[in-house]
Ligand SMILES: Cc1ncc(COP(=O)(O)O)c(C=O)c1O
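Shown below, as structure tokens, is a lone chain in the form predicted alone; questions about how it binds or moves come after it.
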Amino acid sequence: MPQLAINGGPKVIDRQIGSDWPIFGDTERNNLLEVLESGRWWRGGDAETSMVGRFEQAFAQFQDAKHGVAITNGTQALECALKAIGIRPGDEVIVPAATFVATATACILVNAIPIVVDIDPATYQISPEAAEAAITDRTVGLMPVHYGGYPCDMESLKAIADRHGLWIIEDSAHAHGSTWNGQGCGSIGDIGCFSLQMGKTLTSGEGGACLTNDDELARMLFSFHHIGRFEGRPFYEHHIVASNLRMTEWQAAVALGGLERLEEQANTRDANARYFEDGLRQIEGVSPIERAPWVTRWNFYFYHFKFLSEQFGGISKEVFAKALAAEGLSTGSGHLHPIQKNPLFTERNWGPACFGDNAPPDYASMPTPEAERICAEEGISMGHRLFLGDTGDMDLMLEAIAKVRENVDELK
């Protein structure tokens, strides 16, 4: 008789594990009602009493930053950061292959050229060695992504930036609550950018934020998100050409509610992941992404582990994922598909972008062998909501993986 559910056997997980997402409650309801009844539904210029101003201050403090500017979404947070830092047409910005495409397209949208580099196979984060090898006389900055919420090797990246006179914008869209050597991600480089899209570990449906410890960068971030105004100047006095990227009071009302739960949720995910990792190490053919010494808290947007085909009976990653799904554990590949393989890059479909005298590279032939191998053969991701349950949920997930391994011959 078959044992695996994919062949007709009983499935391991026959109930919900983890949590529904998003999570909300009375705090959000009360905040939204407060906004409604105030008759003030936009951020305006009052940073002290508006919901947006309260969120900016609270979130910056939570992530260990001095300044926060709330933005319409994560992509435009990156665009705003690039403008604030002084990007010019044709400037090159180094980005990792494993990320959401917006990390690179934000560069193009401000007429800069993203240079895509490979990832570290140990951590799935941007490879500092690959990043330094890609530096040219046109490189102005690094945009590392705390991919999946796992903190990058910021010590190495900061050393590279110092050697070559580069700035660092941290794409922290996955890393709310993650800490590098005890410091909140997004507060380590020059600017940190966050997404508050509905799936993120802190959400307002749509939304974003830029954080910085630099007073002048904070001034420019504010101006570029607020139609060229400067704080403290007359409201209808505009100093630079800029768009309206303001978060609404409604979004901030929801984000403030979620922020109250973020510490507890981050600790729960991190503790459950550590328990899960201990179990993974006992199953032949799978392995956790081991935590580097600087990873003091990993509050992941999605959790990755490694599938090792040669040690798992030789089956493919695709077959493994289908067998796990039949057992009740759905998995994916996150954002491992190398971004430069998207048609917009290979077919050069970036429209009227102006790159000055510099032309973008041939993305179709840009090699990122580790990212490509990991995407095709190794990287398995799971959503963060699965890790908001208890250790019993972790045991069920581990049982499903172990069952597939024990009965792998059924899949050959």
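One rule holds for the numbers: they count along the sequence shown, beginning at 1. Predicted, not measured: the structure shown is a model, and the values here were computed from it.
Here the subject shifts to the form predicted in complex with the named molecule, a form of this protein not shown in this document.
In summary, among the residues Tyr150, Phe224, Phe320, Phe100, the only one with a non-hydrogen atom within 4.5 Å of the named molecule in the predicted complex is Phe100. Proximity to the named molecule in the predicted complex, taken as a non-hydrogen atom within 4.5 angstroms, holds for one residue of Asn299, Gln251, Ser195, Thr212, which is Ser195. Using a 4.5 angstroms heavy atom cutoff to the named molecule in the predicted complex, none of Arg269, Asn272 and Leu398 count as contacting. Here the chain stands by itself, but in the predicted complex one stretch of 307 to 315, 276 to 284, 101 to 109, 161 to 169, 101 to 109, has heavy atoms within 4.5 Å of the named molecule. Residue contact with the named molecule in the predicted complex: Ala131 places no heavy atom within 4.5 Å of it. Contact between Gly189 and the named molecule in the predicted complex is not found at the 4.5 Å heavy atom cutoff.
The closest heavy atom approach of Ala173 to the named molecule in the predicted complex falls within 4.5 Å. Contact between Gly141 and the named molecule in the predicted complex is not found at the 4.5 Å heavy atom cutoff. In the predicted complex, the residues of 61 to 100 lying within 4.5 Å of the named molecule by at least one heavy atom are, in order, Asn73, Gly74, Thr75, Leu78, Thr99, Phe100.
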